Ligand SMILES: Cc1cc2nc3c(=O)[nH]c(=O)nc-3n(C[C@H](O)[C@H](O)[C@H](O)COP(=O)(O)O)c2cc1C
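We begin with a single chain expressed as structure tokens, specifically the form predicted alone.
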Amino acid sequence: MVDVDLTVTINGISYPNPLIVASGPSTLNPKAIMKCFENNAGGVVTKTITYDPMQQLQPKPRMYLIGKRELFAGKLYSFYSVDLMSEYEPERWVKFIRDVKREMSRRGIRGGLIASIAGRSYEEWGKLAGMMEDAGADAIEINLSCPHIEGEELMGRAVASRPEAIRNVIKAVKENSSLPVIGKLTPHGANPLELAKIMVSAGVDSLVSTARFQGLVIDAEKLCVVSWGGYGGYGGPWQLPISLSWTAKIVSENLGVPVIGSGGISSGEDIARFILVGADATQCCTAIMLRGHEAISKMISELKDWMNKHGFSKISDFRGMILSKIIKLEDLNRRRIYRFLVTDKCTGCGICVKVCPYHAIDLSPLGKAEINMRRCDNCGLCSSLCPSEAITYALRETKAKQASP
């Protein structure tokens, strides 16, 4: 195994690897932040720093896992929470950041420390930005994505539908700090691509694509909303394809700033997926919260293994590689050029017979699935759904080979 180079540089800041721990409970204080770096995080975003007392006071309880067995089995799960911003005053965070940077220097730990901030007024946004620069933060992330605040507030998702407010927030931050400014995009009730364009035109130095959605989880037996009883952020591995889609679209616009992929990461391969669609680095929160800080090292190790397997020695070797392979809707194949065949793996379960929209599959007298190619539309549902992976397909002119899972 060759030792790969995971280093990425964003806005002049060198990160030893592309995994940045996103703002959240895993970064709530200096001890938690140092634990991230000790487990090889390339960077860390502080829990969002604010003067707003409503956002500093956490609801209790506020975290709810959907799919506990799936989590521990390495399958899809959903995480629902209403975790708000940091309970500590900004003045205390100035000391926290100085302490962390001092400890990192003493121990020779590399990595970027990013301060997430949220103000109630443009003046407060500017004040917080200046404080974070004085404290020694490497960059500032402006929180215009979570929590899912409503109304005319100047923080969280409430700003997403007001372009002029977005521009004024960024202007206030840029005027009061020389640090790189990172804009985090919300996918909920907004078009992340349009938000990205607005933020870049207003002066952000990089983007994060994307934050979580808002959800509402109902207990149908108890006839109530689960746990704390209200709306909450909703994310998890199921979100990955949505986040990848937005990231690919944003990168393809060539906006001239680095893009940090986020939303649904739970493995080293997920990190690779974001880089394949052009992300410069990634952010992860939920998987680290639910599996502990040790998940950071595991995902980095998985990324190295993946790179070795595919012969990549550095991140730039595969960054954006998938973009040119994404086929536009108008160019998708519309001809029935594939032949679907049933292999001896078939158990005769009959699932394909039940689900085929074109009634092209029947069970033979021997209890095996048979496909009528005159009726078959080549939709691929049977091959994708077969629990035994018994249905294969290939171009009609070639020998059938196993379909990609």
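All figures in this text were calculated on a predicted structure; none of them were measured in a lab. Sequential numbering from 1, following the sequence displayed.
Separately, the form predicted together with the ligand exists; it is not shown, and the next lines address it.
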item: Close approach of residue 186 to the ligand in the model of the complex, 4.5 Å, heavy atom; value: no
item: Any non-hydrogen atom of residue 83 within 4.5 angstroms of the ligand in the model of the complex; value: yes
item: Non-hydrogen atom contact residue 247 with the ligand in the model of the complex at 4.5 angstroms; value: no
item: Contact test in the model of the complex: residue 79 vs the ligand, heavy atoms, 4.5 Å; value: yes
item: Residue (of 66, 363, 379, 63) lying close to the ligand in the model of the complex, criterion heavy atoms within 4.5 Å; value: 63
item: The ligand in the model of the complex: contacting segment from 333 to 341, 368 to 376, 348 to 356, 23 to 31, heavy atom within 4.5 Å; value: 23 to 31
item: Interface residues of 89 to 118 toward the ligand, as seen in the model of the complex [heavy atoms, 4.5 Å]; value: 116
